[in-house]
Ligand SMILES: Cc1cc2nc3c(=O)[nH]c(=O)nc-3n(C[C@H](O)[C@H](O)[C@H](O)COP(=O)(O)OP(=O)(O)OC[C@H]3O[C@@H](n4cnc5c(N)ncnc54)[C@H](O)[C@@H]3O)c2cc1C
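Let's start with one chain on its own, the form predicted on its own, as structure tokens.
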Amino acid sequence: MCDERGAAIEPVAVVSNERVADDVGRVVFDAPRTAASIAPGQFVHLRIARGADFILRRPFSVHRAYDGRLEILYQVVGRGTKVLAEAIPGDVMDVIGPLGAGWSVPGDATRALVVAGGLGAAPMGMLVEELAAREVDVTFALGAPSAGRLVARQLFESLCRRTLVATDDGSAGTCGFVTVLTPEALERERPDVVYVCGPEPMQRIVAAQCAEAGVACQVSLERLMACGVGACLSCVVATSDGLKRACVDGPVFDAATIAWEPSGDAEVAG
């Protein structure tokens, strides 16, 4: 089954599943069709099936896609991700994908700043690989609650000219939220475009910093998605162009179009 955007259901087999940070795992699926067609920032809707019957699928960003395989980072936060953490090689599940609108790389971009808080690093792997392939000079600002929660740091350090780190408890890099790094990075690096993913209060702050600096900013928003294909309206985002569905109109949006909900900065994590 295939929709007009090329999304389809594909059975996928677990190749490997390992813990890569505190409460964070990385599962690799053999998924040749989806891996060949997915673009940076798009996502898949995964049916978790291992000794459990979950009615609803779970949306997951794709961290990397290569050689017919999909690499997904997940944080154990509920029953579904707990079961996913117990998956072993050979387990068969299925995905619908690729879904949604991903990151856009301007043709004339020569410098980019990528900002990720916590598991906001998940959709950034494919992005930095794409930016590196286009010879875009990338600075990465990576934040997490602690050193044990830093995700994919080695990959980003290998592909980006400069990687900045901040942790809430000061156990690695600068002590504080990742948003303490971005004003200086914007001033020093003068990027053509900024990409952001992480807790929404963090994204709101970085979007405001970019607006003040006059730099284009794209954000990847996380929403509950029951269907993932635009039918259930569970993932609506308020924008200057009206209500949009994160699953089909996003999850990546121009930050300048988002009607941000005010929230306390104390809620910002990573």
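Numbering starts at 1 and follows the sequence shown. Since we're looking at a predicted model, the values are computed, not measured.
What comes next is about the form predicted in complex with this ligand, which is not displayed.
Of the candidate stretches 71-79, 187-195, 125-133, 173-181, only 71-79 has residues whose heavy atoms lie within 4.5 Å of this ligand in the predicted complex. This ligand is not drawn, but in the predicted complex it has no heavy atom within 4.5 Å of residue 30. Although the partner is absent here, residue 61 is a contact residue: one of its heavy atoms lies within 4.5 angstroms of this ligand in the predicted complex. When this ligand is considered in the predicted complex, residue 57 lines it closely, a heavy atom lying within 4.5 Å. Taking the partner from the other structure, this ligand in the predicted complex has a heavy atom within 4.5 Å of a heavy atom of residue 119. Note on the partner interface in the predicted complex: the residue among 225, 65, 202, 219 having a heavy atom within 4.5 angstroms of this ligand is 225.
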